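This document opens with one chain alone, in structure tokens, the form predicted on its own.
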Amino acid sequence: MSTTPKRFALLPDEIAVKHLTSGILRGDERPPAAALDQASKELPDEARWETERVRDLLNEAMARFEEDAATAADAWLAPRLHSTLRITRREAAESGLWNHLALRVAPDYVRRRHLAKPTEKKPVPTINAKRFCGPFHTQAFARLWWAAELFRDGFDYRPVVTACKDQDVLNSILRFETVLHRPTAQAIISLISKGAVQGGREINALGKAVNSAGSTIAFEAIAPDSSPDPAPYHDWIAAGDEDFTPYDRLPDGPDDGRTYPDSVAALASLFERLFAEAPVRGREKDKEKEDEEGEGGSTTA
């Protein structure tokens, strides 16, 4: 049985894909540690690149959540992974880091979280290869770290929990470039949080409407954002050696500035109007059913 490497490394995409055998994707085999170690590029000998705390965090997540509580696990893990693995956006954009985490440090967590359920058509379930090596919005760990980075409001991780409680935010909205604008991200989360948008169909419809509108409407002009202060972010990274990521309460993220409430409110109002006009699969049928039930009720009254 292979041991967890002491430090993270960069595992190139082509090597990661090469070793994603059918046995690994079925969850029957462990990735070949020696071959992956030989192909990986070492990271600097710094405390922040040590794997122990991330490995402990993932063990805690598996102990806390049953296999059928995937969404709850994501909502718990995303802010804590971000708080534990303190890296810059430039470093987080390096797919080799996430490949190494998934294939070398925690393949068991990927299997636990992403092994599909058996079905009649596919009685032998597999893991989507992109959960090991894939785009940031699909890869098992990159998607959680980026969700925390893009949906946090400065040091406040509460919007991240809201975002990760629904898989459609991670599966669709996370990939839209519009959420790089912080007030846009917070406005979307505010509508979900207050229940104005509910369920997968509505979240998908909202995301598409906002992304489409973003190609013609300058959200930055309607809702200016404060300029994030890089100094607190780098201080937060530097303090990672001493900070402990709490398991029973939310940690604090980097205190690099929060969004303006007026900007978020302005966009939330706009997005609510866009959503009201957006096509939502099944919404017309639901409305027709409600109308019919209402007519029936008035007849019998």
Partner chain sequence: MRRLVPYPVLAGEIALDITEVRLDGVPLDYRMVAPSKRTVALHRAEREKWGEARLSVRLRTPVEELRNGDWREVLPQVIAFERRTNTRDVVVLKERDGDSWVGEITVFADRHLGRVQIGGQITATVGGVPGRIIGGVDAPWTVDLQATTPTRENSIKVTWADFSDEANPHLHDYRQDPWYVETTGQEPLIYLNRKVEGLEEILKHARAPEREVREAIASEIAKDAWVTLFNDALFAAEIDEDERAEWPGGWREGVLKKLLPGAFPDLSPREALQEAVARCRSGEGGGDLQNRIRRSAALQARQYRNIGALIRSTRRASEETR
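Residue numbers count along the first chain shown, from 1. Model, not experiment: these values are computed from the prediction.
What follows is about the form predicted in complex with its partner chain, which we do not show.
Next item on the list: Spot the stretch among 49-57, 228-236, 64-72, 22-30 with residues whose non-hydrogen atoms come within 4.5 Å of its partner chain in the predicted complex.
Entry: So the stretch in question is 228-236.
Notebook entry, point to check: If you check Val161, Ile217, Ala196, Ala129 against its partner chain in the predicted complex, which one has a heavy atom within 4.5 Å?
Noted result: Checking each option against its partner chain in the predicted complex, the one that comes within 4.5 Å is Ile217.
Note to self: Looking at Ala39, Ala266, Leu43, Leu250 here, can you tell me which has any non-hydrogen atom within 4.5 angstroms of its partner chain in the predicted complex?
What the structure shows: Flagged contact: Ala39.
Checklist line | Three-residue site Val17, Arg175 and Leu180 fully in contact with its partner chain in the predicted complex at 4.5 Å by heavy atom | finding: Judged in the predicted complex, Val17, Arg175 and Leu180 all sit within 4.5 Å of its partner chain.
Note to self: Against its partner chain in the predicted complex, would Asp168 count as a contact residue? Criterion: heavy atoms within 4.5 Å.
What the structure shows: Looking in the predicted complex, residue contacts with its partner chain do not include Asp168, since no heavy atom lies within 4.5 Å.
Notebook entry, point to check: Heavy atoms within 4.5 Å of its partner chain in the predicted complex: does Thr119 have any?
Noted result: Result no; Thr119 lies far from its partner chain in the predicted complex.
Notebook entry, point to check: Given that the partner is absent here, does Leu150 sit within 4.5 Å of its partner chain in the predicted complex, heavy atoms only?
Noted result: Yes, Leu150 sits close enough to its partner chain in the predicted complex that at least one of its heavy atoms falls within 4.5 Å.
Margin query: Contact with its partner chain in the predicted complex for Leu115, defined as at least one heavy atom pair within 4.5 Å: yes or no?
Written below: Residue-level check for Leu115: no, no contact with its partner chain.
Check: Taking its partner chain in the predicted complex, which residues of 66-93 have any heavy atom within 4.5 Å of it?
Finding: Residues within 4.5 Å: Thr88, Arg89, Arg90, Ala93.
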